[in-house]
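Here we start with a single chain on its own, the form predicted on its own, put down as C-alpha cells.
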Amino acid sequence: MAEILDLDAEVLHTYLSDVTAWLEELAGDQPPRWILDLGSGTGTGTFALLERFGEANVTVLDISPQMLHHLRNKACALGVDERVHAVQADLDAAWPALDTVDLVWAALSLHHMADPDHILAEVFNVLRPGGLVAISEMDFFPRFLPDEVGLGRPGLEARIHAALNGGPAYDVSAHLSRAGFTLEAKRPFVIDLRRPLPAATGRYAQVSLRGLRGRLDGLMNADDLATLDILIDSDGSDGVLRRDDLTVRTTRTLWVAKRP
C-alpha cells in the first residue's frame, strides 16, 4: 500500500498541483496556516499542500503506525519535518484532542470510514468558522492499457473493470450537508496522461493491475487472466514495465465545503 501511494504521488504530480492551485484560489486572501490531513497514508496530499502553502503546518492522522513512520521519513528527506505533526488515530473511534485548523483535507479516505457522518461532524468541530474542507474521491480506477490489448479479443482492461463493477461513483454531498457545511464547489479533475510519461508509470501500472488481479479469479475467463498475468509479470516488451504505449486515465472529483 505504501508503494502504490508513493507511486500515485509521483505519477499524478500535475493533478495534485492543479488541485492545490484551485484550493489556493478558493482560500483567497486567507491561505491556511494549519491543515489537517485525514487518513494521510504516506503523505501524498500532505506534501502537495506544504508545497503550495509555504507558511502552513500539517497535522496528519492515520491508523497505521507504518504509514506514519514512512511519512515522517519522507518529511525529513524533504526538509519539512518541523511542519508535519503525525498522530496515530482511528478516525472511526474517539478522536484525539486537536487544535483548530483552517483547512481539512481527505483524499480517497472518506469512503473507507465506517460512519462518514461521524467523521464530518468531528471535522466540523475542529475547523474554524469560514474554514474549508476538501474531499477527493476516485470516480473509477486508473486505466493504463490500449483498447486493443487482449488475447484475440480487444478490450481486456474494459472487461477487468466491468468484472469488478465498483458501482456508481462515491458522492459526499449529502454527508457534508448533514454535518452542517455549505458546499462551495464540486469539480471533476480529468486525468489523461500521454507520452512522455513519468518514469514511474510502468511500475504504477504494474502494482495497480496486480492489486486488481487478486480479485479477479472466477470473474474472468482463463485467456483474459493469462494475458493479464503476462502484462503484470513479464520483463519483456509485452509487460507493462517496458511497454511504450501506456497511458494513465481516470477522474477524481473534489468537493470543497465551508464551515459557516
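Numbers for residues come from their place in the sequence shown, where the first is 1. Being a predicted model, the structure only gives us computed values, none of them experimental.
Just so it is clear, the following notes concern the form predicted together with a small molecule, a form of the same protein that is not shown.
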Stretch from 224-232, 24-32, 38-46, 193-201 whose residues place a heavy atom within 4.5 Å of the small molecule in the predicted complex: 38-46
Residue 64: touches the small molecule in the predicted complex, heavy atom cutoff 4.5 angstroms: yes
4.5 Å heavy atom contact, residue 126 to the small molecule in the predicted complex: no
Heavy atom of residue 153 within 4.5 Å of the small molecule in the predicted complex: no
Interface membership of residue 178, the small molecule in the predicted complex, 4.5 Å heavy atom rule: no
Contact residue in the predicted complex, chosen from 84, 134, 91, 160 - any heavy atom within 4.5 Å of the small molecule: 91
The unique member of 80, 149, 108, 98 whose heavy atoms fall within 4.5 Å of the small molecule in the predicted complex: 108
Heavy atom of each of 172, 174 and 259 within 4.5 Å of the small molecule in the predicted complex: no
